[in-house]
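Presented as structure tokens, the chain that follows is alone, the form predicted on its own.
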């Protein structure tokens, strides 16, 4: 048989040449897959899974807590004829400034600045001061004076003036002015003016109470923490408690009383916050404390030490604060059951409280309303009771003033304060609230934004949306505006800016998107994506490893020389 050796070699040539080409094509495919995965896949995956975090003004937020606050009070001192002290430093009119540092802590600086303008009375003011009584003079002077919120006007009258009653050196009216006796010298007058300004504007204790969260423990009196905290709104609930409806049918005209007595006060307080009022009647609601029977007076007594135990059982029946967004002020009218009538409240000294009522700081007040016993023991039950709402509302409004820190008990004895009438509070008392609440709002916003910034800086996988960032920027700008307005003496504008800052900071802090549980930590994220990417990455990595290995083998093979 003849053999053709060359034919076998010619047939194997194409097969042998196809193997390197196939390997080269595989290497190119593996490199292409790896390049696409690294260059396109990884950045796309990283971008689509990254946490979006809008920029926040961290430096500005950190500076809010150290920003000095200056409370500027524009004040006019008007001298009537015969009241100008002889030791004035220069002729009228002239200006003077008095500053005082209010110590809070090492980081918080509050300065009070009284910008005083001394001048003489005009012809119209002299005619108004010629009135028979201080009340008539105050009413006549009101249209002639500066009514800007936070400003004060002091009218100095001669020491022997009959306009003020005997023994009274200062008369404080319903608006933003006061009548002050001259006092003989400028030093005596200035000392008296300092007392008046502390009554009509703010004191170091009232500012420290507004900043109670920043005052070190032990440096603040217990009474300073009794006032209501500043809030955008308050809910007032009037409750009638009738524990014995079989013996008493109680009728109270709460709607008419609210419209007559409470509404004028809340209309004036509407500048401070929003108020809502509701009422309810609770039957078979007892105080939870058994009163002690006193044989001498044939009555039942509630001692002062038992009063704190009265609130908790009653509060469980109220149910008003459970679904409320704002602080709830509870005013309870309690008609004692027939078996515990009459019921009286004692103070710490054992004396009977004249109003038969007590109040709890930051909660509300309770008044016991006793029903007169029937003349005949055989009187039919239940007895019909008509509540004297004028007497009840007088007590409740006094308690409302105490809750807001508007007490007139700390006034010097030589001061005479005009009653605010149906409005419930004078204009300067409203300013007193605005000063304290503005400072408190600034401190609250600073604390809220600082806490939010620390939280977001600590937890890096929380999304910071653009609307949250805009609220934070708006809150910072509003706080800075409030501080600037205070330094210019614009109390109303400063308070409005502080309210806007509180609203924006609370919206940012309580935004539903700022929940850590909505987002996976990085370790959980990789635990989710590794089972997805690993089956795809293993073949690519093995192919790359094979390419590297073959490349090394080719470099080690000796070069064939002809």
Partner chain sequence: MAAALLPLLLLLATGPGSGRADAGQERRDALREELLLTPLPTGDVAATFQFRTRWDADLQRGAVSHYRLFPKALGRLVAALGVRELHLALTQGFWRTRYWGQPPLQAPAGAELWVWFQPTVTDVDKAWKELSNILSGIFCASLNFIDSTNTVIPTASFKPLGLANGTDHHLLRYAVLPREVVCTENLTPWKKLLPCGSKAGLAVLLKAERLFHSSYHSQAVHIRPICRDASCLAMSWELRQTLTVVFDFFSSGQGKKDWSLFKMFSRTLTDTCPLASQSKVYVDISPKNKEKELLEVSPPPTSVHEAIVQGDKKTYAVYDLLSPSLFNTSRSLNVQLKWKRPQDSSEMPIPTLHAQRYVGGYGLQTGEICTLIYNTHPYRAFPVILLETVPWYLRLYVHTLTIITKGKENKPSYIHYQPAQDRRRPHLLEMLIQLPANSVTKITIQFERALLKWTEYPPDPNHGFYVGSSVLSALVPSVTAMKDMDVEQSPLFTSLFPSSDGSSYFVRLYTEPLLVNLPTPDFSMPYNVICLTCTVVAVCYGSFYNLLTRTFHVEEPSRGGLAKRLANVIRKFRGVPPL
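Here the rigid core means the biggest group of C-alpha atoms that line up within 1.5 Å when the two forms are laid on top of each other. All of these numbers come straight from a predicted model, not from anything done at the bench. Numbering follows the first chain given and starts at 1.
Beyond what is shown, the protein has a form predicted together with the partner chain; the following relates to that form.
- Although the partner is absent from this view, residue 119 stays clear of the partner chain in the predicted complex, with no non-hydrogen atom inside 4.5 angstroms.
- Taking the partner from the other structure, the partner chain in the predicted complex has a heavy atom within 4.5 Å of a heavy atom of residue 26.
- For the chain shown alone, residue 276 is a contact residue for the partner chain in the predicted complex, at least one non-hydrogen atom being within 4.5 angstroms.
- The partner chain is not drawn, but in the predicted complex it has a heavy atom within 4.5 Å of residue 359.
- Among the residues 528, 515, 54, 42, the one placing a heavy atom within 4.5 Å of the partner chain in the predicted complex is 528.
- Interface residue among 338, 317, 174, 142 relative to the partner chain in the predicted complex, by the heavy atom within 4.5 Å criterion: 317.
- Contact with the partner chain in the predicted complex, defined as any heavy atom within 4.5 Å, is confined among 259-267, 464-472, 123-131, 158-166 to 259-267.
- The candidate site formed by 245, 249 and 353 is fully in contact with the partner chain in the predicted complex, as each residue has a non-hydrogen atom within 4.5 angstroms of it.
- For the stretch 530-550, the set of residues having any non-hydrogen atom within 4.5 angstroms of the partner chain in the predicted complex comprises 531, 532, 535, 536, 539, 540, 543, in sequence order.
- Fitting the two forms on the rigid core leaves the C-alpha of residue 533 displaced by at least 2 angstroms between this form and the one not shown.
- The two forms, fitted on the rigid core, differ between this form and the one not shown by less than 2 Å at the CA of residue 70.
- Once you line up the core between this form and the one not shown, the Cα of residue 34 ends up 2 Å or more from where it was.
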